[in-house]
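In the structure tokens that follow, a single protein chain appears in two forms: structure 1, then structure 2.
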Structure 1
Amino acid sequence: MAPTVPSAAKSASPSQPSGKSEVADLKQQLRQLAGSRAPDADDQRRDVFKRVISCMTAGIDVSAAFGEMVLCSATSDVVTKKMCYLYVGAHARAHPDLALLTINFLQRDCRDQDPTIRGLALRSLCSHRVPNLVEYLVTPLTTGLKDPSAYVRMIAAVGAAKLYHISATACIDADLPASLKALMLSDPDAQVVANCLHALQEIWTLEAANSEAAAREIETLYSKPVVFYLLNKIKEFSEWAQCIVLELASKFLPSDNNEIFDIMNLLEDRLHHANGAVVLATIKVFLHLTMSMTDVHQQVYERIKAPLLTLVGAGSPEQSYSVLCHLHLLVMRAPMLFSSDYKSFYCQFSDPSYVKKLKLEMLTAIANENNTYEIVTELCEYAGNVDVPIARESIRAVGKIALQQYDVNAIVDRLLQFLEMDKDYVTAETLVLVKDLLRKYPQWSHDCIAVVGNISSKNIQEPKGKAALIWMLGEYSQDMHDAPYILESLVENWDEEHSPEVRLHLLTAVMKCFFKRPPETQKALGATLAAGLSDTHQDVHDRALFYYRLLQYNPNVAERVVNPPKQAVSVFADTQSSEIKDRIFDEFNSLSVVYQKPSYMFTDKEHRGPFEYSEDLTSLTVGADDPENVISAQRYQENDNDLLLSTSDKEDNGTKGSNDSSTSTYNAPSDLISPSLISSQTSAETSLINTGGPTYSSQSNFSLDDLLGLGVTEAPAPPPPALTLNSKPVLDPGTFQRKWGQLTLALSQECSLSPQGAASLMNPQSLIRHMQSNYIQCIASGGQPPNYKFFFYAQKDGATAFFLVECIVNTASAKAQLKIKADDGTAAEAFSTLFQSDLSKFGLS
């Protein structure tokens, strides 16, 4: 047999690079090709460059070949140039010393005869983002903005924004914003105009925090000449550029109705655009411009229905979902206007589950007396869906429609039919809805109980379904013959029930049943209380102990506590406040609508990771507050302006809790506080309670008597003296922060701004100067249109008491939310009046 010939060593293919040996081989080949004038040199360079880019893609460090790549960059081949620029841009920031080697050939290429190479070189030069090379960027950018090629001017406009992020001082000193503005208003190329507009918005928005001139320049962008100039050219723009121009137009404040109609006429054809982003941006302009015109605003809803429904049926499921989210927001604001289009929201077999869920919510919202039967019939078909979450949502949707008082008779019959489907999740969801229906429509109890009584608790596995059944067994035990025995069997299996919710409902249900059918339930009650008292769950143990002591004290009182006469529930609580919904509407055509929450809830730092947002204005803490980690207000404003836009949710929740305690759904029976109950206490108990108790003055007694309506009157309090403020208050940021965290909220109010004031807020510094002229100082501010946030303080003249104010202004609605804290709470109302008076005068002078 002939000996085997050893195979020649093969070089690694571009798709399978071999690490350091491959890089060394590439470097050697690049050195050989540097300066080569062979006829096929350009083709060889291109092949080697492809191998270098392939290694980069595979994650191999090829920065060692940086010098050789620069040497081989002297070529007229555009493809090779692009690969070279890609390589340089990827490694320049990580190797700033090596990046200096690229300056000469990039500047040379910026003067090339081919506009494509000039543009590519300028883009690569601006993409280095190396602070040490800033001085080499200004001249090429200035020249690029005046280049005869639109492509180069387009690249230069974006490069100016990149330069600002690298060195704001260099960008401003070179007067690039002024050049961009002039180019925006005079350049014949639409894409150049769009890039200039985008760069100017980015530069001036960031610069406005430190410069009043920049704030004034932002105002010029929202002026009538600029807005109408851009709108007249909108058909020439790309889809991306149209969205930028339309976003600008949505922030424009017209001076009269004629301007509103002019803009709407200009943009009418944009509603038929094939791109969904353009259509949504146009709708945002229409909605925001007509907010103050009720009749026209309603007509806008009618006008935008067809384009939105067309977009829902076209394109990918992801696009349909995004459009549906915006349509969902509009449906929730004006359900009656969409009630005739209910068939457009029927679920298709091919729809993803997230699209189906959104459609179910909209079907629930638009149901009325004219379409309830058709909608409920459709929803009942979904109850047997193989997609269990959608089946659950459809059953809930039927129940929500029933709670809206539309054709309740037929809907109750449909719900009761669900109980015959013999599916655990269907039964559980249906029982929860039947419970809610009985709370609102007690007159349907006989029909519902007749069906519910045939359900075995052993067939219900889900805790919420079992809890609903137990609630009905206790509430309507007088109508259900087997109720005491069913409850007794549940008590016997107490240890096997792992859900605290079910055990809590079982305790209350047995108590209710005992007061309605004592002989049959007495044994079960004793066993229930004994099991509850030995329960390891704290809530269950406490409730059992409470019931035991209440029965021990007085069974009649226990009955009035556990089973008081109840009124039908008229309205069920909404899960989202109207303020949140309005803020989402203000951020139409953004991710806020898709996430169904305002942008501050998913962009600000207090909502990221394990951070805990403290009441302090300027500190983000993990765990306990550390005074050493407090950031000054000035530094905070420079580093994180948008964080000031967030609301203090903890403070709002605390305020709600204190206020809502006086408006409970169930009031204690009046005879629980009658004199007979008080006199039934033993003398020892009375003396024990009175010993060490607080003593009340006659003034307090008179106030209590008046509160109880006993006719005691008092002389009206004299009007408070007029409040005057110190003209030169002094309060450092640290003290402000400490006071804000320590003081309780004195007032929370909403007030209005004049239209001129809302327009003037394009320059937030103007409001700060206006309030300073009224002896109210600003210690921190931030935000972007249409939302701005300010923290003010003032001092009472002749006293050390300070007033602290959080002011959140929405320029779109011309509303301001005020939160006031004060050292002297008695003067908070007077200061609030003074502050609102000063705020209402803003922009009028």
Structure 2
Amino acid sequence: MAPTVPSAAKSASPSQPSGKSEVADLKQQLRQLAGSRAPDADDQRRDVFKRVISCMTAGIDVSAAFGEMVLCSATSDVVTKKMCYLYVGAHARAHPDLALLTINFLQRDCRDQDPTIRGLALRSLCSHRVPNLVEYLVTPLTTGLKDPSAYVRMIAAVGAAKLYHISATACIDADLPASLKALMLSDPDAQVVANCLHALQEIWTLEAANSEAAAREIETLYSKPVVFYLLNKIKEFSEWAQCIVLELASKFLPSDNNEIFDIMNLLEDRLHHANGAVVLATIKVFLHLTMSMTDVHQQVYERIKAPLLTLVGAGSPEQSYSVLCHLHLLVMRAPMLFSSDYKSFYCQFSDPSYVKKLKLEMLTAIANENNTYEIVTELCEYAGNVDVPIARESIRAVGKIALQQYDVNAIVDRLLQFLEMDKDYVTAETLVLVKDLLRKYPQWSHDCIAVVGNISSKNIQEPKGKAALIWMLGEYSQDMHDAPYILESLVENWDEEHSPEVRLHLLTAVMKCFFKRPPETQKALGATLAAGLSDTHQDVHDRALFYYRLLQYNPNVAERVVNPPKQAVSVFADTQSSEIKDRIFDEFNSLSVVYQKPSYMFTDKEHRGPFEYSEDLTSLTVGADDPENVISAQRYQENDNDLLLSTSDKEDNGTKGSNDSSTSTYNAPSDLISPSLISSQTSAETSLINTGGPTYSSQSNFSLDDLLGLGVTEAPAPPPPALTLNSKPVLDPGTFQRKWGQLTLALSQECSLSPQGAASLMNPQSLIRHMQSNYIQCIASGGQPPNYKFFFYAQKDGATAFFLVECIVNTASAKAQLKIKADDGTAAEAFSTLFQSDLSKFGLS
């Protein structure tokens, strides 16, 4: 709502727009102005148009005035013209017939002498989104692409993409992609080049779904001539266009190391750019290019640290948040490399809580022998913070560090001090941690129990804290003098305890206590079981009944069930599989990093393939909230060791300068056979986590040979099977998803791709086409190098039975994980053989 228009401002407050009368009034005024030749008609028109746009902004439906707006559109006043274009662009879709009326003056404007008018008219013409009007678009677009003015060409390039969305065939038939490509490689104006690139990427990506030619065209965009042509011009581009060129370069697969170092030296100064988006895009290029060269990769980490930290401090809180998310990702991958920068991750008073949370996670990850004392001291300061969520997170962070073994002694003392602070949430959080700590280090029980025993359960309101206290009372009842009596008093208040979690823990704790100190607990046990049996919560009731019958059957057996000797927990499960983490890393400089989720989990349906990867989602959310799944920084530690080990392995880093220039910052190592950072994150840990769900393990049996491209195909191609497939099976995504959910797993196998196949798998389309030619259809695919995921299906010839396949390909190791489900389980074996044989031929033809 614009205050410049008093009548509009008065009558229509944005919260409750009084739409109708306003629009009717505007319509009338427009009608009066339509033919007016009054000297001030232009000014009046401007004012009325302004009010229309103002209503439109406020969300009032002004489409009813379309006809009148078009009538008034013949004007030479550019400001009015622009308002008209804006209006028409927003409403033409709803009025395709009336929109036709605008075509005439827009086409005329497209031939105007003034390039600005030509450009504006062309942009407006393409923004109509009315399929019927497509015929009027093609000619102005084709001429626009050849216009002497760069402004018009720039608009025409984007216009081609707009046309594609209105009518793909019209765009393809007019051969616009070819013109765009020619323009991209020859136009002197950088913005025209950038817009051609935008348009081509968009058109070809969408077109690739049904055309092989388009898929090939996309690959040519990532080819050396195109990438190098654009990179050499990088400084001519606007900072925004630089970002897309850099994004393109990050997908480029260099053929040798000289290319890698050429690119890195060329882009070195981009790291000093004041625009964070340019810096992050450059970093992505560096990280992806050096993926297979461990020590250069590590040099890159060292190199990008300072620019990233500067960006964190320089921009608005929002800008630093995004940069910090990326820094967080890097820190989590290689905490060791950041261990001396820990002070940069201290929380500042002015940091918003979402920033503080990230910083706490980073501090937890980088704690090691040298900095633990200082980090924990700092974290303890936050524990008393007025910002309660942050205080909680800080306490959790201290606990996580304690679980990493560095100087547990001192940290336990600190935790126990938290209990003395006597703030309920601090106590609750601390109890949960002390419980976890005891599960890992039972040897600390004496010190902890002495303090925990003094805490009155009445002061703890939070279920998690209370449950932790009760667990300790049961587990260490032999050491805590009052345990049976405290438990007894808790049982007395059974009905006031609202959390079923606490009641469950109470049941178990009383049982444990009973086995350790029977005479003192007997009475409480009776009361507990009675209360549990009459509990309305199903789980509580069932557990009480179960205990009751166990005791009835044989108390000794019951003791073995309820209170078996325990082994200390060595490692708490990680919450995110390394496969997920790798995927997020592949999607560096995207929203995935901020959300800490790979893109297929959040992008909209049409971008995510025919159906959701519902399986992945469920397997991931398992235990996400479980306090026992503490992120173990030991994991990071291990990854990190890999990273550092490989450097010590090779002292003879050749300093073969590329470009023959002594100023080159990046040097090629003489040998390249160390495993890449990414593939060395083995699946050892994945198997720990995904016990229930499917296992996404990248291959752990990674051999040096693979990198050299030798002897991967030792798995001989199986003999041609007898099974024949239907050449045109039909299965819709919904049915696929249902079947996949219903059928049990028939086969799960790992197989190899040919090295050529792995190398040519730069996007999912190539494999999809290959499998299609063998009558195996793809229903969904996704992923980024080196990990791709496909869902295929096929049908036995002459039968109704389907085969469903989940295939996860890792191009770095040239391996594929197969999961096959079949309507007819007996044929699964034969199909698997066929599938593997087809897969192994990929890239060879």
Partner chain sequence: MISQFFVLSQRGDHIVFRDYRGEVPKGSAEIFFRKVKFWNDDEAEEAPPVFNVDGVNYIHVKVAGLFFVVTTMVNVSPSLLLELLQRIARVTKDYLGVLNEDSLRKNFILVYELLDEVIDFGYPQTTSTEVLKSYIFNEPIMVDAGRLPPLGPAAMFMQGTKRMPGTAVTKSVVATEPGGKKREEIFVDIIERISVTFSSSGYILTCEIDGTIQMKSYLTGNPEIRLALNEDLSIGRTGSSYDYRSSSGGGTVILDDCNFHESVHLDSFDIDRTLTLIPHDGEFAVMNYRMTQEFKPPFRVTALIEEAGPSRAEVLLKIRADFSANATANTITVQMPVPSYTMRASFELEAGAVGQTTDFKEGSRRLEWNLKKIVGGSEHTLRAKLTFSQESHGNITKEAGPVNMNFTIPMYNASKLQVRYLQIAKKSKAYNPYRWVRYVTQANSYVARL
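One-based numbering along structure 1's sequence throughout. Predicted model only: the values in this text are computed from it and were never measured. Basically, rigid core = biggest C-alpha set you can superpose within 1.5 Å across the two forms.
It is structure 1 that shows the chain in the form predicted on its own. For I244, the Cα coordinates differ by under 2 angstroms between structures 1 and 2 after the core has been superposed. The Cα shift for T427 between structures 1 and 2, taken after rigid core superposition, is smaller than 2 angstroms.
H272 is not among the residues whose C-alpha shifts by 2 Å or more between structures 1 and 2 once the rigid core is aligned; its shift stays under 2 Å.
Lined up on the core, N810 has its CA atom moved by 6.1 Å between structures 1 and 2. Once the core of the two forms is superposed, the Cα of K819 has moved 2.4 Å between structures 1 and 2. Relative to the superposed rigid core, Q784 shifts its CA by 8.1 Å between structures 1 and 2.
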